[in-house]
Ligand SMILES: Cc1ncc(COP(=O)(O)O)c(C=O)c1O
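Shown next as structure tokens: one chain only, the form predicted alone.
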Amino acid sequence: MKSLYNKKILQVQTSKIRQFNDYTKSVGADVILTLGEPDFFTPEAITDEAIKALKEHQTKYGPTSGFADLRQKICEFEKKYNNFECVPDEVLITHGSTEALCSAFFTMLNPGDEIIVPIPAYPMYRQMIEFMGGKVITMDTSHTNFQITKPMLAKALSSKTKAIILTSPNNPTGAILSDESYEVIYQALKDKEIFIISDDVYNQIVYSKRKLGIIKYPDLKDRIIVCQSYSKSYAMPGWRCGYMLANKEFIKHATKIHQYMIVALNTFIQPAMIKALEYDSSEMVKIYQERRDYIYDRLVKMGLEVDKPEGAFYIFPSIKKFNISSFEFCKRLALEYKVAIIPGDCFEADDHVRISYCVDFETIKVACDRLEKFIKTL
């Protein structure tokens, strides 16, 4: 009997992160440090702008690419914040960074094309790339403090390489790519027709002086694709809004996919997106940093090997010394101590676990207390 379904969709896995999150709740975990969802509410100034737009009946279809004033504001923001020069025709307003990434993959991939993904990595990359006929080539950075070296990149490159994905700060590690890593990437790719996808979801949640990423190399501009989200930086995960930056030709083709997937982003949200770019989120970042410092110190005192995150709101301790899989570690922690964290296997790094600290201090403290007790039993 022939299949009623697309053969590729049968191979796509649902999110392991959300699967495990659901599992922990089903076994009664009551201290949840799983998802990357800010515990802050969206700032009122941003919300008020959307309410105002609704009251003004901004509920009709909007332009496929997004409103011109929003795209212009993004250009001004990128110039001010990242020193990245772009024009409105190089901006596409998307349904979050997830849609931006999917539209980018759709636009560039032919069957057999390879995309280099440094691991540990967000699992969506592999699922979408493989669904669209591409092949994931991983680079394991867990032995190089989550940095990219010349030998590992040289080994990953081939005549079939279409793109490399860079996520800095990283999910799940919180690591930021160093100037040396970016120089390795630049020297390896400057003369090659290879796209560089910069997933910038966390690039405003940084705990030291901000450094420019791959966009600091102007001669790469036509091959850089930035995918950005409002979810993390402005506590807007439920709004599902973001944008893509790329050269005009790429945006023109990506807009075709975008149009058939969502037509256009909700109109009344877009004025709020403009307002968000004027919002100073430094107080949120300060609080995340305080949480980072606390949980890092606790994990070190427990005897766990862990790198101090430089950004985002995750910490990724090693559990290798316990000689136990990350799934078994997290399963037992949920069953026996009712604490929910995410197995590193979800990010192709089974020797680690991911702990999200975008929750209140009391939750973090209770989680650390219970985790410490659990570790003593191993």
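Residue numbers run from 1 along the displayed sequence. Just so we're clear, the structure is a prediction, and the values are computed from it rather than from any experiment.
Below, we turn to the form predicted together with the ligand, even though it does not appear here.
Q: Of the listed stretches (121-129, 178-186, 288-296, 136-144), which one has a non-hydrogen atom within 4.5 Å of the ligand in the model of the complex?
A: Stretch 121-129 is the one.
Q: Considering only heavy atoms, tell me if S233 and the ligand come within 4.5 Å of each other in the model of the complex.
A: No, no contact at 4.5 Å.
Q: Given that the ligand is not shown alongside this chain, does I225 nevertheless sit within 4.5 Å of it in the model of the complex, heavy atom to heavy atom?
A: I225: no, not in contact with the ligand in the model of the complex.
Q: May I ask you to state whether K275 is within 4.5 Å of the ligand in the model of the complex, using heavy atom distances?
A: No - in the model of the complex, heavy atoms of K275 and the ligand never come within 4.5 Å of each other.
Q: Answer for E90 alone: is it within 4.5 Å of the ligand in the model of the complex, judged on heavy atom distances?
A: Looking in the model of the complex, residue contacts with the ligand do not include E90, since no heavy atom lies within 4.5 Å.
Q: Taking a heavy atom within 4.5 Å as contact, would all three of G96, T167 and V201 count as contacting the ligand in the model of the complex?
A: Yes.
Q: Exactly one of I205, I148, A163, L101 has a non-hydrogen atom within 4.5 Å of the ligand in the model of the complex; which residue is it?
A: Flagged contact: L101.
Q: In sequence order, which positions of 235-252 have a non-hydrogen atom within 4.5 Å of the ligand in the model of the complex?
A: Residue within 4.5 Å: R240 only.
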